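In structure tokens, one chain follows: the form predicted alone.
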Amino acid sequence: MIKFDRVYFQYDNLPVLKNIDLEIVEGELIVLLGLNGSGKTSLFKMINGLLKPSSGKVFVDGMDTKEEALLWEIRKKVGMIFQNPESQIVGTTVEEDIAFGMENIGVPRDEMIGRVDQVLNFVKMSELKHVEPHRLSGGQKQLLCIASTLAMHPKYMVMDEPTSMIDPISRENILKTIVDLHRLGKTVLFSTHILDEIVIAPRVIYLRNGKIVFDGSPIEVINSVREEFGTSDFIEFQSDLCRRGIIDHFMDVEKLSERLVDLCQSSLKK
């Protein structure tokens, strides 16, 4: 479990996070929603000790992130994917980039080779194994970062706005990959300022000006943020379906399409 206990954080006397109390249970898929400057990145960096609370404590499986002696173990448990994939890619080929992190944590070579193939297959990039990373598209670079992190077998996957620097098609691929990671059994947290993206997670934490102002389901949070974010046709369509009792929770595009097809087929059989 990840736990924030009355956490405050400030840069040069400027408050960034204020009285954060939060528990994240193993196996959850959670989206952290907030406008730019709301404190999302700072909150995520505290989970693996890149930032320390000004007051309060952050625990990862009972380990205090302020304890320097525990940081190695904490960072093995918490895999971080940042907004800009360029900042994480270090290998001269896709294969070497994935192997780099595993070498640092001492994974045996034979096992390392197997893991490289497994994660490339997972992100559907096996044919790019020997390609130089700079030749990849923005979406492929972000998938490479996910694969490189996944190969180290972290317990928690924490992604800071992973879709913000890529095209719409790549964005859908990243969101599908996040759902697939959760199905693998990973605890996944990702942040966004794009309201449509919250539909893939059962739990949404809404951060405003460094404070958690809402923690609940996507359908509940929509009503709290309409004025700040506005809503898309996709969100309004699902809201209307919920009001009519046709669906009982928000879904991603793929799941919603499947649900509507099932309803149509059932109706035709009657």
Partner chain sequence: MPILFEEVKYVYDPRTPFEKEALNNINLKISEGEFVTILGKTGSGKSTLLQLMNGILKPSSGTVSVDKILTSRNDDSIFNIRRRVGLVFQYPEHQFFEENVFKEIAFGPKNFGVEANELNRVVLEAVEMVGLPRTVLSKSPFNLSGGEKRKVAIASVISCNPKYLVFDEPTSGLDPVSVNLFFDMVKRFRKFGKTIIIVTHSVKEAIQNSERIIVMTKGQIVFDGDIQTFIKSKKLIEWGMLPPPLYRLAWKIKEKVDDFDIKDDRLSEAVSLLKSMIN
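Positions refer to the first chain, counted from 1. Just so it is clear, the model here is predicted, and its values are computed rather than measured.
Heads up, the form predicted together with the partner chain isn't pictured, but that's what we're talking about next.
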**Q.** Per-stretch contact check against the partner chain in the predicted bound form, the hit in 214-222, 23-31, 58-66, 36-44 (non-hydrogen atom, 4.5 angstroms)
**A.** 36-44
Q) Heavy atoms within 4.5 Å of the partner chain in the predicted bound form: does residue 161 have any? A) yes
Q: May I ask you to check whether residue 108 falls inside a 4.5 Å heavy atom distance of the partner chain in the predicted bound form?
A: no
Q) Taking the shortest heavy atom distance, is residue 138 within 4.5 Å of the partner chain in the predicted bound form? A) yes
**Q.** Non-hydrogen atom contact residue 196 with the partner chain in the predicted bound form at 4.5 angstroms
**A.** yes
Q) Out of 73, 103, 180, 86, which one falls within 4.5 Å of the partner chain in the predicted bound form, going by heavy atoms? A) 86
Q.
Quick check on this chain: which one of 125, 165, 99, 152 has a heavy atom within 4.5 Å of the partner chain in the predicted bound form?
A. 165
